[in-house]
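Before any questions on binding or motion, here is one chain by itself as structure tokens, the form predicted on its own.
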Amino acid sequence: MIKARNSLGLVFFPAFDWAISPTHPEREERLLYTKDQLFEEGVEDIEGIQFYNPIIANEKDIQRVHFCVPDVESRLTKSHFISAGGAIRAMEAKMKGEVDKAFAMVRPPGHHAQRVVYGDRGFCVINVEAVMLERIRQEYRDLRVAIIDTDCHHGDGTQDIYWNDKDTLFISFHQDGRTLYPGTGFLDEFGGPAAYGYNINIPLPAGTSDEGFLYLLDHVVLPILEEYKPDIIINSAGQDNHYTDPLTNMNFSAQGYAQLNSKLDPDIAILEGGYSIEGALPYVNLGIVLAMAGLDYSHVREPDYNEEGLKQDKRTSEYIKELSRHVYKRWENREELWAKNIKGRENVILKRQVYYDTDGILETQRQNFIVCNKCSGLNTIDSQSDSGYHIYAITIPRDGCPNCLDQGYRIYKNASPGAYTDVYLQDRINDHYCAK
């Protein structure tokens, strides 16, 4: 019998009863073909690999992360609670020592879901990784975490949630936002005042292949992780960089994904995008499973794989090398950049518009990050949508000082109900959430 070098927990939830439409790219077949491939390869018979059933996340799990408008129950289906619960169960298995690593193959995905939620954008309603992580942080409070987002689309939701959290390093490498949804993820998106430099984007040119992805992993991501020294590494494991994906323009392969996970050595992987249901997902997921388990993945190949045809051109390779040098230099100079852009400011204001492409909702948002020399600082959001809501939301951070705690409750109490349709408070210190 084959034995895994790393014990691995797998959580599988295809969400049979949920889809945006019967023919939408994000549908249950994304996981059903993968399940067939895993069982065909005998993965369930490998000693050290075990399957777990998902649990169901609860309303409080969602409220730790999101301001769902008007409320959680109105925005989520049962499948969203179970998808998040599957991720929670995966990380529980790792943290409790039941397994060395865990991979949650769940849907619906989540990395485009930002803190404010009016509906579905980028096929995401809630941020599965964030809901998972913040649930676990209630028990393991001082976790220092790195989230590496390998989805072809920029993880703008995860970026938004951890924008001002120095204990959560977020690195996203993705197809350049000038050529792909959601049109964000540029170098100057570097983090909030309390976490400036800890939000790192690596926008890649179309046509990037295994060579390019693995180069930036070796020359940017791994050196940064070595310096940051996270307690936990989470791979936000989108698979739409694959050369057969219908929504993107990259040339990554199943072998490339397997090598990436072998080198990155994540503790947790959470399935995100990937819409080549037959041509990519069964092989990519198999490669990731074998790599995480510490098993030989060299035989994993797509039926139409053509190494010569997927070679990266010289111009792309040179561009990626220069980009890697630039990104890493910014990381090294983050304190100087903080002094130049943040030091001496009492507030940092972030204004933007967010479009919910699935539901056709436009949000106009103004975030205020209050700079505090004792904690991460209070954050407020004034948000309006063309669906008729005008909300005000206050977040007291996990490391909040007594002054920011008192100020947060004072702002919540004094917010005029007549000026807003809804007012929300996240008290992350006491794990208390309320609305009026």
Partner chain sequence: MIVGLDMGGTHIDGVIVSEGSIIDTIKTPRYADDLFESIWMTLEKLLMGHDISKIKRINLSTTVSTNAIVEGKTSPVGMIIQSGPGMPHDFLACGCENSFISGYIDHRGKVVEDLKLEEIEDVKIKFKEKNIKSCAIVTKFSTRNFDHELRIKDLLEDGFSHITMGHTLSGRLNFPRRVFTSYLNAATYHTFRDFSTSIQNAMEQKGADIPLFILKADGGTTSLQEAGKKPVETILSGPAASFMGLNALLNTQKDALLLDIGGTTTDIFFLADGVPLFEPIGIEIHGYKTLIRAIYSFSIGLGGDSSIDIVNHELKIGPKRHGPPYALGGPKPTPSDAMIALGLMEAGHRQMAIDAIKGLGKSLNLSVEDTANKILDTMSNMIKAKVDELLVSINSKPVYTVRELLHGKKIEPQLINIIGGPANCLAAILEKKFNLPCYCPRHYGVANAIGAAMAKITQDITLLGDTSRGILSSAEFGFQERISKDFTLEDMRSRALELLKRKAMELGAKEDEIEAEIVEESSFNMVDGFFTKGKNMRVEAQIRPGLAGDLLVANPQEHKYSIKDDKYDQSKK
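Residue numbers count along the first chain shown, from 1. Because the structure is a prediction, the values reported are computed rather than measured.
The protein also exists as the form predicted in complex with the partner chain; that form is not presented, and the subsequent description refers to it.
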property	result
Non-hydrogen atom contact I2 with the partner chain in the predicted bound form at 4.5 angstroms	yes
Partner proximity in the predicted bound form: H299 to the partner chain, non-hydrogen atom cutoff 4.5 Å	yes
4.5 angstroms heavy atom contact with the partner chain in the predicted bound form for D399	no
4.5 Å heavy atom contact, Q37 to the partner chain in the predicted bound form	yes
4.5 Å heavy atom contact with the partner chain in the predicted bound form for all of D100, L217 and L225	no
Proximity to the partner chain in the predicted bound form, single hit among V354, V117, L260, L290 (heavy atom within 4.5 Å)	L290
Interface residue in the predicted bound form among D386, E59, D406, D45, criterion: non-hydrogen atom within 4.5 angstroms of the partner chain	D45
Heavy atom contact within 4.5 Å of the partner chain in the predicted bound form, the stretch among 160 to 168, 276 to 284, 354 to 362, 309 to 317	276 to 284
Residues within 4.5 Å of the partner chain in the predicted bound form, restricted to 49 to 68 and counted by heavy atom	F51, N53, P54, I56
